[in-house]
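The form predicted alone is given below as one chain in structure tokens.
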Amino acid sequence: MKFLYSDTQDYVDPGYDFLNDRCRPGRERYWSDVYAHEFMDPAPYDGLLVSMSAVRQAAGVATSKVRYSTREEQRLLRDGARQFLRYGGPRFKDTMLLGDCGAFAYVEHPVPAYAPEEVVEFYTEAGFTHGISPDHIIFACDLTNPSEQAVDAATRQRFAITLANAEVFLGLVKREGMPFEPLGPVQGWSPKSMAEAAHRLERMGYRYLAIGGLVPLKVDAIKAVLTAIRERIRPETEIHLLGFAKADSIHEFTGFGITSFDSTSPLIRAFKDEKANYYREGSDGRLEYYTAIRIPQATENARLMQGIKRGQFSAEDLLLRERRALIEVRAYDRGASSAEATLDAVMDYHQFLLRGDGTGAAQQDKALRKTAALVQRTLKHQPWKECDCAVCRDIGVEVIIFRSSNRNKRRGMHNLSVYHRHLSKTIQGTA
């Protein structure tokens, strides 16, 4: 089972100055920075997924979350995705590079933003090894398996569009000489309808299916979908899970013949999850989670800046408390301070992230006590000292400090590495 990471241009400055919080002199975004697969050996994933909607503005879709500039898009097509992502050479020779349309970008549109012809051309020019036909997401999944007549017309239309696009797409790929392995996207409003879609895609000639619409589903619902699909398709037909948000529960899915899945969860949680933002392998084979220590930059954090502008906080006072918290955490790491003194300094600064949020003193005190308990656990266990990944070896205690992109993304890369190892052990354990 291969784990693919969805590229969102998550790279870091390898020469970042953590003590002074600044990039190295002369640093140029992208050219000076490194991806996780360059920073870490072994790479923390088995392949990359690139969404077309992240590279190319979807026509008529104002909310398309484009991250690539026009020059970056042109360079990706001119040099190829593998070279652009610096994911080539003998080390990554046999890795998977999957193209996807990024259907979330046009989910509110009546039809997909890209035609099959445009998608085939994009995948071919960029040199993807695999590519998914343009689909249209159906989010609702009714486990009671209502009939086609019982669902609304818009849902039926999305189902039909996805299959019609897949048929055209496959014909075009074959006409081009199969420059990449095509994947047929499965969409449906229930396990039974998704199984029917999978069956039709298989009959068209697809050997690899991509199951979509899984993001909002719980573990049991995903299992119901996979069970229904597996009962309708051949055992040798391969399955990819698109945006598999239940990656932490991967041990529950090893029996469904899944070839690959993609997730950004381990990296994203490093800076979006309130509590579980640092991964560790537990002694029982499961993942454990720790809370990173929030010490934001006083003059850059939006909430602190609002307090300063409103006259609630003093900028000079916040800077002193911020500095004290950083000094104590680093001293504690060196064995030059106690856990109690460090916790006191961290929470003394952290309180300003809550004060003035309008929830009232009692609610704020309760939130502070919860945070203090989580930070105390992190300080007591010092998980960064036990990790031998490239990030923890390189920056030590800085990885556990929740502060600025270069720390937070490195912590995300650490999480990817821990997760990738966990996945390998899980698969070996069930072989």
Partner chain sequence: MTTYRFTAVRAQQAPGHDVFVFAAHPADVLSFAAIERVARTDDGQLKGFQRHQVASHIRDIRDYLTREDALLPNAVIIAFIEGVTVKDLSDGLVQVQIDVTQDSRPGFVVDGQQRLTALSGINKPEFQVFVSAVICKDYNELRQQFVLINNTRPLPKTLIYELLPNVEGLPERFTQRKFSARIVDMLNFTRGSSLHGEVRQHTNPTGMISDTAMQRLIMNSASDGAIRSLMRFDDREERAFQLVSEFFHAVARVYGSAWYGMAPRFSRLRHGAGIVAMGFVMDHLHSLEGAKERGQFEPGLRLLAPHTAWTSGQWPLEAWDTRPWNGIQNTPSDIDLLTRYLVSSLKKALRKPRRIANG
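Keep in mind that this is a model prediction, so the values were computed, not measured. Numbering follows the first chain given and starts at 1.
Below: the form predicted together with the partner chain, not depicted.
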Which of these residues, A339, M204, L320, L77, gets a heavy atom within 4.5 Å of the partner chain in the predicted complex? L77
Among A315, A331, A276, L217, which has at least one heavy atom within 4.5 Å of the partner chain in the predicted complex? A315
In the predicted complex, does A59 have a heavy atom within 4.5 Å of the partner chain? yes
In the predicted complex, is there a heavy atom of the partner chain that lies within 4.5 Å of any heavy atom of E386, even though the partner is absent here? no
Closest heavy atom of E73 to the partner chain in the predicted complex, within 4.5 Å or not? yes
So in the predicted complex, does any heavy atom of R22 sit within 4.5 Å of the partner chain? yes
Would all three of P110, G255 and V375 be in contact with the partner chain in the predicted complex, where contact means some heavy atom lies within 4.5 Å? no
Looking at 240-248, 282-290, 304-312, 179-187, which lies within 4.5 angstroms of the partner chain in the predicted complex, counting heavy atoms? 304-312
May I ask you to list the residues of 28-46 that have any heavy atom within 4.5 angstroms of the partner chain in the predicted complex, in sequence order? E28, W31
